[in-house]
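Shown here is one chain on its own, the form predicted on its own, set out as structure tokens.
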Amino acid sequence: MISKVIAEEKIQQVRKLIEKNDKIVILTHLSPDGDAIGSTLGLFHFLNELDKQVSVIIPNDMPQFLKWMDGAKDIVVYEKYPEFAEELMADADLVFCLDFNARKRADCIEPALVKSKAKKVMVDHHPYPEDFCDVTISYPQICSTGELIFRLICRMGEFELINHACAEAIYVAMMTDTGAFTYNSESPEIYTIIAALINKGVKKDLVYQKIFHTNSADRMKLMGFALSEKLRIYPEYQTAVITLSKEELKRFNHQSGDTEGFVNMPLSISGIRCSVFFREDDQKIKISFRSKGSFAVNRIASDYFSGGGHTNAAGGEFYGTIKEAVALFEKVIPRYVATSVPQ
């Protein structure tokens, strides 16, 4: 038995919207991760069981290690098929916005999202959601959007419609957004949900292998390079930084998702409470933040890097060079160390 986290009013609103509408589109954020893809595919398989006409649209391609999932081949990548994606958005009666709390996080899909006259539902676990949906289901205390999808389905009384593909997708979402249940995963109810998913046929060990143990040789070499050549320690701030330029990424034949998890690795170093990864993109620097305990990296992300997220996991961006981005970080990090409580 799990607690009723989602307000009953919102459950009924979503139920009615699903019952009344047949053409449904599911969206997620730019550079979709395991929770984004897992939660969207979980909802996708559930809605298919209800005989709805469902499409999933993502702004850009997903990491290679997620493409084995059932339904992944049916996902429409906006960057590859913009006209088709916009047609789907224009025809939609109902749009689900999963794992993002602000329209800008949909990136290239944002104009079509704003233009759409469809009813919109947000399901997300990031703090400070924008008010752009008809129904907003936002609970930052929940470990993943995938967990919220599970709770939503169950609260609508449709647990029996969770098939193996749906259960597996939800499990991927929960597992990846907790680092294989190594952070943000203290709630006993998470493991009650995992048990229910295993009873649906999820092979958790096999899923772990597919997600974390399917590295290419190039990715392993890039990881080694990042740790041996690009890792910088700031012991006075209990902080580690990794930077990778476009040229360095190209040298190792970088593919989408290859740097996933790099930001977590320095946290295994004794005494390190904050880890930051700066990656050069086409027009900006993408920044990932991770931390331990009370070290609130979401504050750094929102205050200086146009981002946000959770206390211990956040993201941001910077328009300029990596050198400039790191210099700004070095300038502001002392004040955040001073306000965090040592472990």
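Remember, predicted model here, so these are calculated numbers, not experimental data. In this text, residue numbers run from 1 along the sequence as written.
What comes next is about the form predicted together with guanosine-5'-monophosphate, which is not displayed.
Chemist: Just checking whether residue 26 would be counted as a contact of guanosine-5'-monophosphate in the predicted complex - the rule being heavy atoms within 4.5 angstroms.
Modeler: So residue 26 does not count as contacting guanosine-5'-monophosphate.
Chemist: Under a 4.5 Å heavy atom criterion, is residue 286 part of the interface with guanosine-5'-monophosphate in the predicted complex?
Modeler: Taking the distances in the predicted complex, the answer for residue 286 is yes, it comes within 4.5 Å of guanosine-5'-monophosphate.
Chemist: Is residue 274 close to guanosine-5'-monophosphate in the predicted complex, meaning a heavy atom pair under 4.5 Å apart or at it?
Modeler: Residue 274: no contact with guanosine-5'-monophosphate in the predicted complex.
Chemist: Does any heavy atom of residue 294 come within 4.5 Å of a heavy atom of guanosine-5'-monophosphate in the predicted complex?
Modeler: No, residue 294 is distant from the partner.
Chemist: Are all three of 42, 164 and 201 close to guanosine-5'-monophosphate in the predicted complex, meaning a heavy atom of each within 4.5 Å?
Modeler: Looking in the predicted complex, the three residues 42, 164 and 201 all stay beyond 4.5 Å of guanosine-5'-monophosphate (heavy atoms).
Chemist: Exactly one residue in 314, 58, 66, 54 has a non-hydrogen atom within 4.5 Å of guanosine-5'-monophosphate in the predicted complex; which is it?
Modeler: The option sitting close enough to the partner is 314.
Chemist: Identify which of 230, 119, 126, 151 has a heavy atom within 4.5 Å of guanosine-5'-monophosphate in the predicted complex; exactly one of them does.
Modeler: None of the other options qualify; the answer is 126.
Chemist: Which residues, if any, of 292-312 lie within 4.5 Å of guanosine-5'-monophosphate in the predicted complex when only heavy atoms count?
Modeler: Result: 306, 307, 308, 309, 310.
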